[in-house]
Every structure is written in C-alpha cells, then in structure tokens.
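First, one chain by itself: the form predicted on its own, in structure tokens.
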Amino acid sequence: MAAVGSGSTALLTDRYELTMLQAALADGTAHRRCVFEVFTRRLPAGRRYGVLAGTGRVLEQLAAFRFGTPELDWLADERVVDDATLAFLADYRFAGDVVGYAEGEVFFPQSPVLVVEGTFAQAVLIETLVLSVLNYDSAVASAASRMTSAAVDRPCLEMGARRAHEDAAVAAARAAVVAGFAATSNLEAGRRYGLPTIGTAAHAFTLLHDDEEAAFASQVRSHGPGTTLLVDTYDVRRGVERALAAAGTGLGAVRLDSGDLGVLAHEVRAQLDAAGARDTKIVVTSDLDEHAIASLAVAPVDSYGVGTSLVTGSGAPTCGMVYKLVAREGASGVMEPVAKASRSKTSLGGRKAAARRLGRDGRAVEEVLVVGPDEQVAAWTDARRREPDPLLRPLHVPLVTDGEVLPGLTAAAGVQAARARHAASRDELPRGARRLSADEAAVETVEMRLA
C-alpha cells in the first residue's frame, strides 16, 4: 500500500521524523547507534492478551521506504527539511537489524514485540510506518482471535471491506486470517496474500428478479447446487422452501442475515433436516462480534460471517503500541540505556530480550523481560537457542539483518507461518485466558536481570 501516485512508502510518516533527522545530522548525533523497541503499556480494557499482526506488512513496506524524485521534490517545495537532509534522504535505505516476536504471537503489557537497531538516522524514520501498521493489524487480529476462540471449530469468514478504508480492508483481511479466520470476501487480499475468498449473492440479487424463485433458480444455474442462497429477503421459511425447490437437497448452504439468529438457526435446521437436506450448511451474518458468536454456541450454525466489529477491532481499534528509544551510543562509543521519566508514560530503559515461562503443563505462567548489560542481553536469545530450556521459550526471532528481510516472512508464506504461530501461541495460554469476560492480562510481565 504505497503512497498515492508513487511506489514509495517513505511519506507514510510524520513530519517530525524528518525534522529530528535534520537537527541530528547537523549536530553529529544522527549516526549514533540506537535501539528502539515497540511495545504497549497496557492492553485495551477487559482484554486478556493481544495478538501481534502486521509484521509481514511492515517488512514489505520497508523495502519500498525510499525517497525518490517525486518525494524529494515535494519535500523541497514544502521546505520540510534543508538541502543537506534532502541529500541524505536521496541515498536512504534501512540498513539496520530488526528482531521481534514472530507474527501471530500473543503479547502482553511491556512485551518488546519489535526491536529495531541501527543509527538514529536509520531507525527514527520508520517509526510512524511501523506503528501505523502494527497498531491497526494487531487490533484486528486481537479481535479476530477472540472471535475464532468463541467459534471453537466453526469457521469464521471475514467480510468487512465495506466498513473500512479500501487499503485497511486488505490489511484487516490478512490480520483476520493470521488469527484463525478461514477466508475473506476481499479479492485484493486474496490475490496479494493467497487467501481463500468467499461470497455468492446479496439481497440486491434477489430484489433484482421478479420473485425469489427466479433469483434462486438463476443463481443455481450459474453456480450449481453447492452455492449458498440468502433466504431472509422476505420470509425465511418460504425462502428455505424456495431454495430447496431450486437446488434440491444437495444445496450447499443457506445464509441468515437478520432476525434472532439463534432461534432462526434452530428452525431452519429442523426444516432442512425434515426435507432431507441434512448436509446443507447454515451460515449466519448480521453485525456479529465475539459475544454474539459465543451466544450462538448451542445453535446449529456452521459458520459465521463477520464485518464491522472485526475491521474496527471490536471496540479496541488500536493497540496503543509505542516506538521508544531505549538505548543509544554515548559520546564514549558505549551503548547506554535511556528512558522517558514521565510518571504516566513510563518505560524501561536498555535493550531487552523476551521469553515466555511455561509451567509443567506447557501453559504460560509469565512473560519474561531479560534486562542487564547491553552485550549480555544481545547474546541471551542465541545462547538460549543453543541450550534450550523447555520451560523458558525465547520469543525474539530475526526479521531483518543488515537491511535484508529474511525469507518466508512476507506475502502468502508469511501469512501462513503467522497463522500457525498464532494457533500454537494461543494454545499456550493459561486456562481461562480466552474467556470473554473482562479481566486482567492472562500472565504477569516480570523482569529477569542478567549479572
């Protein structure tokens, strides 16, 4: 999703990233080595865990974060930065390192989900882009995980494109699949990320025809009896009768999009079974969220179509992630921890590694932040991978090395890897962590200090 009229993502940023760069270039601090971390100070009210999504999109957009002639000309015309800064930007490409939680991993307050290391000039410019992607995608994935958890083994289908910005709709479909959704109605998301796509007909198709019989007959002729017929345009019972008349007992599915879905599902299931259409599925839509899905657990529903609540994060449209400088090279050349001292926006200075402590049953009991001397923390994850502890799982994985994105993290392969990671990570949560009732974070975040 590049800037309009250009393949570059470089202007998907805030002005102050560039004005900071100008001042740092002028005073000589722009080339100091720095470590930035992405984390959230708290989860949205009532949520017990978050889901990291969007990492693959960040990596895709990082490759396009270049200042070409159109971007440089506009910056010059608007006098955003001086000529020396424009010259620096003309040659800019991110050449640092990025490690982080694998996409799809669950996270908790203070979890360092992304760690960016490079010069200040390299790392500060990508702050807004990183946060813009991760905050939205993770909000959608966090909501989607609650929905797929409530649905248990019934598929959830993403159909929220008409309730979101056109680019956000593609991102939302991707994030939903990371968190367990089975398919999307969005064709661009399907094309770009290899996602299964779904969809047959809306009420408009029925209303176009002289009567429901004609509409259903037309759809079955075109798409075969395995199609899904929308049966609530007029009267549901009559709609089911007409659907069976058009497609026979081999009808693929009926969709309910209004009314008391639980009651209607029971009635329609009985009607289908009595007619011999025992294999015909029931799909429900209509402003569903995780709570509505949970309320339908005992109804004979086969799948759920979700739109508005999904693409808006089901009441939590952002994760509140921040991108903070936690360590920087001092005048002596030694890396030094730094931290904001504001009482209401505290952060922990210094580079951190991360791990999840597991109980004997394989379920998470603590989120562990590894802190201490910079060089020891930097080496901790590699040491743990060489000598694994079955009860302390390191969470940081390499994503970018010397500016090069590691393979398998983007496009369709990245989505499938993230989907698998989420399923495994969610299965590690302690019992009760997936309840929809409001509560604190499912596990506590603690510090483990290296000598």
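In this text the structure is predicted, and so the values were computed from the model without any measurement. Quick note: we count residues from 1 along the sequence shown, nothing fancier.
One more form of this protein exists, namely the form predicted together with another copy of the chain; it is left out here, but the text below deals with it.
Just one of L86, V322, V371, A292 comes within 4.5 Å of another copy of the chain in the predicted bound form, counting any heavy atom, and that one is V322.
Note on contacts: among R93, R278, K340, R360, the single residue with a heavy atom within 4.5 Å of another copy of the chain in the predicted bound form is K340. Across the options 145-153, 362-370, 232-240, 100-108, residues that bring heavy atoms within 4.5 Å of another copy of the chain in the predicted bound form belong to 232-240.
In the predicted bound form, E375 stays away from another copy of the chain, with no heavy atom inside 4.5 Å. Residue contact with another copy of the chain in the predicted bound form: L59 places no heavy atom within 4.5 Å of it. When contacts are judged by a 4.5 Å heavy atom cut-off, D27 counts as touching another copy of the chain in the predicted bound form.
Another copy of the chain is not drawn, but in the predicted bound form it has no heavy atom within 4.5 Å of V415. Applying a 4.5 Å heavy atom cutoff to another copy of the chain in the predicted bound form picks out A161, R162, R163, A164, H165, E166, D167, A168, V170, A171, S185, N186, L187, E188, G190, R191, R192 from 157-194, in order along the sequence.
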